[in-house]
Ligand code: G3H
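The chain below stands alone, shown as structure tokens; this is the form predicted on its own.
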């Protein structure tokens, strides 16, 4: 107990005594958002606001206190419905300026946005770091990766349009087949990658000609404030509209209207189900969802232990395990489990923990205020059902810090066996037969990814064939992850609906449409005239370079 109290104090002492101790380049002033974007207008907000506090604390006479970062609007149904009306008007049943605009012109608007986004990099990176406790280095990576994703999306759309710039002739029918938008999109992103993951749906939705309602995540809302002007100045009015307020207050009215054509949501399956149920015509609603995941790792007796430990650290503890793609439960063969845990504990003890601006830091404060208590509850539940915390200081909590806990042996009576902990707790399940982890995945409601660690080719093959039918991605001797962004990102069962990758996302937010006619002289002359005079943006052989 004395050692535990001592380490708790060590973690508490990481928080600075005064802001002057923070290197000047990482300090941040208060940000008070008093406006929101609807119909191309930055409208003033004078109503209720939400106060934003950082998981990063500052010492005070009363103990560590969360740093106050600023405020943002708490919108109501009224503003949400105004945003919906603006998006509907801008789409205008497919007749609006944006959905009928040529692909090359939409790309030009997006390139303008990327340029303006780059001007806000320093501000956005700081906001990511302070709002959700992500390390400065990883916050920079998130921004840069997002810009790269947008540029890759632009390139992918150019390729897609080039392939559509020719006519098809089949069975005496001439046709041009292109992708066209779906309508009004409600886009809701997650807190853990408030910029990157949000933009993996928002950007393809916009560039394919849809109009958008964008609700920022609860944690990471201020991250998007510096970009509102860029949206306003880069796209026609009504293309991008913001929605603020509690989700339970402002989203039901949007869905009940029946006027949302696409739901793009990253979060829990429960919330996704509740949102969809509100829509009066589910057959008209397309959903692109990235949801729960309890990704497993299977470490066989033939695994390279050093490699498995290193990848398990990255997979379980990058950004404190607050990733949907994190490895959240490890199945380790009984013959090697003791050695594995010993090496894992040594590796965790060597990790750098501290505040986000410190160079080389891996473990930082967790983002959600209630997360430390929840993780402690999960650990205590596991202990009550026969497990132990295997590593020194594992599970120690100091305010918003949670030191990683290796919990073993985990069984099906424990919360950690089923629940997605979304934090720095590593549950380990010993197994003898490969059927055991496979049965776990069969019974699991999740089906995103799995990692397999083995050096035996036959064993790898024995696992690959069933696993590819249980999850969407099998990682061999590597952690679970989303990238590269050109690879499909999806999941089975409760883990996803629809597929996201640079190319797949463009398809997800559009539908194939075609103009067709019987092949005769009159129709050939008609088609030639339309194309020659550039009278149509759809019926066109223009080639984008």
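Numbering follows the first chain given and starts at 1. Computed from a predicted model, the values in this text were never measured in an experiment.
The protein also exists as the form predicted together with this ligand; that form is not presented, and the subsequent description refers to it.
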(request) Would you mind picking the one in 91, 193, 265, 199 that has a heavy atom within 4.5 Å of this ligand in the predicted bound form? (result) 193
(request) Identify, from the list 501, 54, 508, 481, the residue with a heavy atom within 4.5 Å of this ligand in the predicted bound form. (result) 481
(request) Tell me, please, which stretch of 318-326, 239-247, 399-407, 110-118 lies within 4.5 angstroms of this ligand in the predicted bound form when heavy atoms are compared? (result) 318-326
(request) Report yes if any heavy atom of residue 145 sits within 4.5 Å of a heavy atom of this ligand in the predicted bound form; otherwise report no. (result) yes
